[in-house]
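To begin, one chain is listed below as structure tokens, in the form predicted alone.
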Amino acid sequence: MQIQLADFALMMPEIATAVLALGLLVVGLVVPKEQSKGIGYLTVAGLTGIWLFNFLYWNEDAALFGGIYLVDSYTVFFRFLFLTAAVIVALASRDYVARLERNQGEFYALLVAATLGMMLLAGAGDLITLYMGLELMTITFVILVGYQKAEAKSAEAGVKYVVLGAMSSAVLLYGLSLVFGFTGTTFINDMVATLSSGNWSPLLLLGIVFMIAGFGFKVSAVPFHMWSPDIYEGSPTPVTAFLAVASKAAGLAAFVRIFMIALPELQAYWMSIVIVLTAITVVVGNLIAIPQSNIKRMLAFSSVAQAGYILFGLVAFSSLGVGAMLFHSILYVFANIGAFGVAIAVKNATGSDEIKDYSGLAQTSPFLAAVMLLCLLSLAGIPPVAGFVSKFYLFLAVIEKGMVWLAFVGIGMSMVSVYYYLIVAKAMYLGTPKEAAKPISVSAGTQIALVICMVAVILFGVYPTPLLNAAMEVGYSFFPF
């Protein structure tokens, strides 16, 4: 394998992200606590610069370092998704980080390191690189989930994530090893030639089942979702927001690349499993969200349901499905982080994540209530906000595949989701605020993050064409069938 300088040039966003993470770690160690507020601004500035730099790679289509890493429009799109989520979460985290007695710089460094792991996962061209990116993301999130080690719920969430994350990684690694053992290669693009022969081993099929289980854990698909509610509730809210959107998208990016590119010949075997998991995930996620009284647990089960909707793109097994999946994933970033951003502000002010404590929020903090309402409506898929458009194309993709029944399941469960989202809206707009309730003040960074999310869900609902065209362009280039 001959390494060329051009390979490093095409990986500059990943290299810059690694340098930023290490730089933030050093800055966090040497800067006094009273001056640590600037670390948040440095993080946002660095991530924004990498985000802008990523535009230079939109039309690239190259296999780097002999094929272990791929830079194509699919990779570039997910880079934008991860960096967008990281910038918004970094902005929304400033109030939380300011309350930490120490380790403020380390928090931002870990946030950027997790982003790097996601980028590597999305661009991995072979199984070893994929697993390295996955473990970088997972180990970093283990630390972030248990970051408030003095709080029992956070420590519990950290331990649960270690145990369940290790178990899912082991299952996935065993599946990858079985696939490697049969194909004789770790390169995703090279597997097609071996698998097209039709001489398949039962161990290969077992490996595929293990991979579905491992990726199912990463995207919170039922029945591999058991970690989500407790870990989402116990984690620091900014970490929960990032975990719910970006890590799910990273797992999905690798899931789709392997199964659509390397395993199309085995579609008859694994597609039925994925279809069943998708339908169950949508139904279970929405139904269990109904009785939840904690906003983070409610959004956790909502994110399980959203994972099911996103999997519609894989089930469709078409360029339209991939494009709709990418479009919904980026809009999900804005809607979900916006909802969690409001949850961060309310938790900082009241110390509670209970839905009942949102009572009268529209009277005391109308801006926060408006952002929460619009983001929840987008998650539910109510027009004219953005979630309606993305769900429409996901349902259209599976209908074109001939699975009208699955589209009706998605539509029916979207109607169910309106109910539990409106429970929060009812508390905010029809509830009576407590006598001692005061307007909730949020930092400028949090306000900017919430405005970005609110504008995005409105703008891309009314005028989705530019982002939709970009997503569909990626879909057709990634899967031209």
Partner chain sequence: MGDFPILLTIVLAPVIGALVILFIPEKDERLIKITAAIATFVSLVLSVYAYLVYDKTAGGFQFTQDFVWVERFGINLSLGVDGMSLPLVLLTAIVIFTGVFASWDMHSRVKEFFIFLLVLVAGVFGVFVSRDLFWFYLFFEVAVLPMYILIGVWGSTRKEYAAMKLTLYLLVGSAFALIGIIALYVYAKAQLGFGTFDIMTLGTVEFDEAFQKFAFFLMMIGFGFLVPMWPLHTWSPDGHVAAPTAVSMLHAGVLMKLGGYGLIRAGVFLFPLGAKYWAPLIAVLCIVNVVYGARVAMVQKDLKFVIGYSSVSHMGYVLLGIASLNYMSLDGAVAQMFAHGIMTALFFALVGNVYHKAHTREIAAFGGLAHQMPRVASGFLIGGLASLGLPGLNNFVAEALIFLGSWQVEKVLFGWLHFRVLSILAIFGVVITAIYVLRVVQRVFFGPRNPKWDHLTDARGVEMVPIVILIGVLVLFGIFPSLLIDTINVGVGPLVAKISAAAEIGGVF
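Numbering follows the first chain given and starts at 1. Nothing here was measured: the structure is a model prediction, and the numbers come from that model.
Below, we turn to the form predicted in complex with the partner chain, even though it does not appear here.
### Query
the partner chain in the model of the complex: within 4.5 Å of a heavy atom of each of Met132, Phe182 and Phe215?
Not one of the three qualifies.
### Task
Look up in the model of the complex whether Ile411 has a non-hydrogen atom within 4.5 angstroms of the partner chain, and give yes or no.
Output for Ile411 is yes: heavy atoms within 4.5 Å of the partner chain.
### Message
So in the model of the complex, is the partner chain close enough to Ala21 to count as touching (4.5 Å, heavy atoms)?
### Response
Ala21 lies outside the contact set for the partner chain.
### Proximity of Leu430 to the partner chain in the model of the complex, heavy atoms at 4.5 Å
Answer yes; at least one heavy atom of Leu430 falls within 4.5 Å of the partner chain in the model of the complex.
### Task
State yes or no: in the model of the complex, is some non-hydrogen atom of Val462 no more than 4.5 angstroms from a non-hydrogen atom of the partner chain?
Val462: contacts the partner chain in the model of the complex.
### Task
Considering the partner chain in the model of the complex, find the one stretch among 80 to 88, 376 to 384, 169 to 177, 272 to 280 with heavy atoms no farther than 4.5 Å from it.
Answer to the contact question: 376 to 384.
### Query
Considering Val209, Ala407, Leu266, Ala155, which brings a non-hydrogen atom within 4.5 Å of the partner chain in the model of the complex?
When the partner chain is considered in the model of the complex, the option within 4.5 Å is Ala407.
### Query
in the model of the complex, which of the listed residues (Gln363, Gln148, Asn189, Thr350) lies with a heavy atom within 4.5 Å of the partner chain?
Residue within 4.5 Å of the partner: Gln363.
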